[in-house]
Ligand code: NAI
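Take a look at this single chain in structure tokens; it is the form predicted on its own.
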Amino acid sequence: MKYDIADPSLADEGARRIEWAGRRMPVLKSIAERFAKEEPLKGLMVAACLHVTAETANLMVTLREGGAKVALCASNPLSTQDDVAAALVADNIPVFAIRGEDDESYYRHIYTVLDMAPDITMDDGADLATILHTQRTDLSPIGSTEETTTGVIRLRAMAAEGTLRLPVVAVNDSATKHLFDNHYGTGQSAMDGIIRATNMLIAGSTVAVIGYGDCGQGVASRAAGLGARVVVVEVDPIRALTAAMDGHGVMTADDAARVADVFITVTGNKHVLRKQHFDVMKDGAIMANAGHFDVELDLEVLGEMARDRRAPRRNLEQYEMADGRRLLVVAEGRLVNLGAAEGHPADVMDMSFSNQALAAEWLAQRAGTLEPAIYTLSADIDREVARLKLASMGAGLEELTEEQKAYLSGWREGT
């Protein structure tokens, strides 16, 4: 079996981490048990480009239980947990990922899993899909799945210009993914990464959240819960108004740059913090990115502006400006929750990866029948994932009476 990982001797440690995460993923476990009986993916090759974490490892095992051959590469150079990669290899699952790998290795690993001629690809950021549309047009998978908002944006751009050539399930658009993974997962893990990297007290600080989508709302909520004064920067008036009514300050990036102690970008866009903002930030200002790609901070310009750079702590780089101000960047401007922490808690990834497993099954069932387009899983699947999660939490779910069902489905009774 081919693989490329940092250290195979870490397998035992990784196995313990995978087992621990699996305890918090009861919905995925129930799907794995069904998959083992039914083998809905039998004979298929699944290539995944995802964050190589303990939670992802449980998804890979679930897909294998379903009869698939699987291979995994990283969707971010800093998101790989090397011990988890080693444990998967020890369990005969090929992994091509090393934490901190350079761009050449990162893309070589992507090409390697594509060389296995996958029937289904799984993406977190659409890197596999992009290469399938640019360099590996000889491959024709029956479909792909996409985990995150940034990837869905890229794929919808392909669809809009008419270049999308395979069916894609936008797993991110499932309610049991984006309403929980994005909001609660990103909210908690982004703050976790910043605190681990800096050990700063969030209470009493001013935190600027750049972007107020599902992820930004979660980050703002968790920062406020820790005692921060939150200011939000948004280009969308509806989201900006939502932020204001949620109790946050709303201002331009230029104004926020002058007052914030911590900046967290969550936009999926390029250079949302740049020279004009670096010029006026406070001494000691901390910047972190919770968006998928490392383009939200203009680090090239920041590096050119700095007269000195050093690392005062692990996962923290200090840029000293000509006037003596020190600006700090967490995790090289990469995804902070995985670059400086362990990513989303298994409890929310349980739902996200349950959707991924069910999306692979959905594509397998419809092989050869789907047009190139963006698809979402049905509301029934979403609700079933939510029901299973509630049951695992010991929560009760109310049911409508027959009278209530009749009332909601009729129109004559109005008083």
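No experiment lies behind these values; they were computed from the predicted model shown. Numbers follow the displayed sequence, beginning with 1.
Unshown form predicted in complex with this ligand; subsequent notes refer to it.
- Using a 4.5 Å cutoff between non-hydrogen atoms, N182 counts as a contact of this ligand in the model of the complex.
- Among residues of the shown chain, H292 is one whose heavy atoms approach this ligand to within 4.5 Å in the model of the complex.
- Interface membership of N269, defined by any non-hydrogen atom within 4.5 Å of this ligand in the model of the complex, is confirmed.
- Although the partner is absent from this view, E304 stays clear of this ligand in the model of the complex, with no non-hydrogen atom inside 4.5 angstroms.
- Remark: of stretches 307-315, 142-150, 94-102, 79-87, the one touching this ligand in the model of the complex is 142-150 (heavy atom within 4.5 Å).
- Of the residues I194, C215, M122, V207, just one reaches this ligand in the model of the complex with a heavy atom at 4.5 Å or closer; this is C215.
- A single residue from the set D115, D283, D254, D236 has any heavy atom within 4.5 angstroms of this ligand in the model of the complex; that residue is D236.
- Here the marked residues R222, A260 and G333 all miss this ligand in the model of the complex; none has a heavy atom within 4.5 angstroms.
- With contact defined as any non-hydrogen atom lying within 4.5 angstroms of this ligand in the model of the complex, the stretch 1-21 contains no contacting residue.
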